[in-house]
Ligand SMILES: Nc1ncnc2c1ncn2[C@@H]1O[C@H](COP(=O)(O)OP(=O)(O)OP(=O)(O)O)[C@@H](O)[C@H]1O
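So this first bit is one chain, no partners, the form predicted alone, shown in structure tokens.
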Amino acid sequence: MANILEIESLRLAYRARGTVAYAMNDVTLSVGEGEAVGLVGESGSGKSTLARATLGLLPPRIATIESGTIRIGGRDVTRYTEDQWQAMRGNPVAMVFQDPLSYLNPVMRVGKQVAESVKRHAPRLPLQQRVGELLSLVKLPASAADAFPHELSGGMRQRALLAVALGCGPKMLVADEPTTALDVTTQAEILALIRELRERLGMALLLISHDLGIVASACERIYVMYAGHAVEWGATRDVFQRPAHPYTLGLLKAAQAARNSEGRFATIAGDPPNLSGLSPGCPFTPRCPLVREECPRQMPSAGPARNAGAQQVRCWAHR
């Protein structure tokens, strides 16, 4: 299976007011054609930065890719100009965001916004017919074409944003927290829709979420991010059934509804690190229950997880 997305040893920094924060450190990730891959981690772990880097949406003059490569469909897009990115966005890679009301034009009817993506990426198709097909594909009534975004419910707005993305004919969809602002029932409907669209269109998916349950149900492989590092990755079943990195184990425990003997939910001790003051070692060291002498001095390379599944892990406890 060929890869639609390949990120290799990517190191990315944000610079502002004399401060440098490394949002991504030596991150390697791949998404195969038609594959569903999940990206999980706490807020600030680098998930959304990775998604934006994939589509060239990083803030100019602030974000800098210092090393590593991003390949889409075999093409190196790491140093693309804005004009080159304009030709790349939508096809082969499109993106849907966390809050569709912030990304849909509030003064333009939904049908016109879907039509814009069709005109740009499939100008030879009959426009109105194609808009109707896309709205039907995401299970929106034809009347939604005449509505403004604020006139739709949260779930309908997310479907409208999906229709805009699908109008580009993408080979891969990047979904950044697509269900966060929705109620549980609507979340399930959107996830089922994304799964159905993937199967029907043969589309790859990079699903970004802090909700482990969502990723477990939707993705074949998973990457766990912490402080700009991918600390564990592999088949979703392997990572969830036998987590290797102590951070992954902490996330899984924190996701459980059961309380301890004191009536408290499980948490990961400590706070996420300040990305502008990281040591050369593993950034999870101050919060880790398995600290070793090497941990604060050097970040380990990726290797097979000892006594776990077939996943890869960056942890001195597995060396």
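In this text the structure is predicted, and so the values were computed from the model without any measurement. Position 1 is the first residue in the sequence shown; the rest follow in order.
Separately, the form predicted in complex with this ligand exists; it is not shown, and the next lines address it.
Asker: Pick from 250 to 258, 281 to 289, 47 to 55, 65 to 73: which stretch has non-hydrogen atoms within 4.5 Å of this ligand in the predicted complex?
Answerer: Result of the contact check: 47 to 55.
Asker: Is it true that Glu177, His210 and Leu275 each have at least one non-hydrogen atom within 4.5 Å of this ligand in the predicted complex?
Answerer: Affirmative, all three are within 4.5 Å.
Asker: What is the one choice in Glu42, Glu294, Asp26, Glu33 with a heavy atom within 4.5 Å of this ligand in the predicted complex?
Answerer: Of the listed residues, the single hit is Glu42.
Asker: Could you confirm whether Pro59 comes within 4.5 Å of this ligand in the predicted complex, counting heavy atoms only?
Answerer: Output for Pro59 is yes: heavy atoms within 4.5 Å of this ligand.
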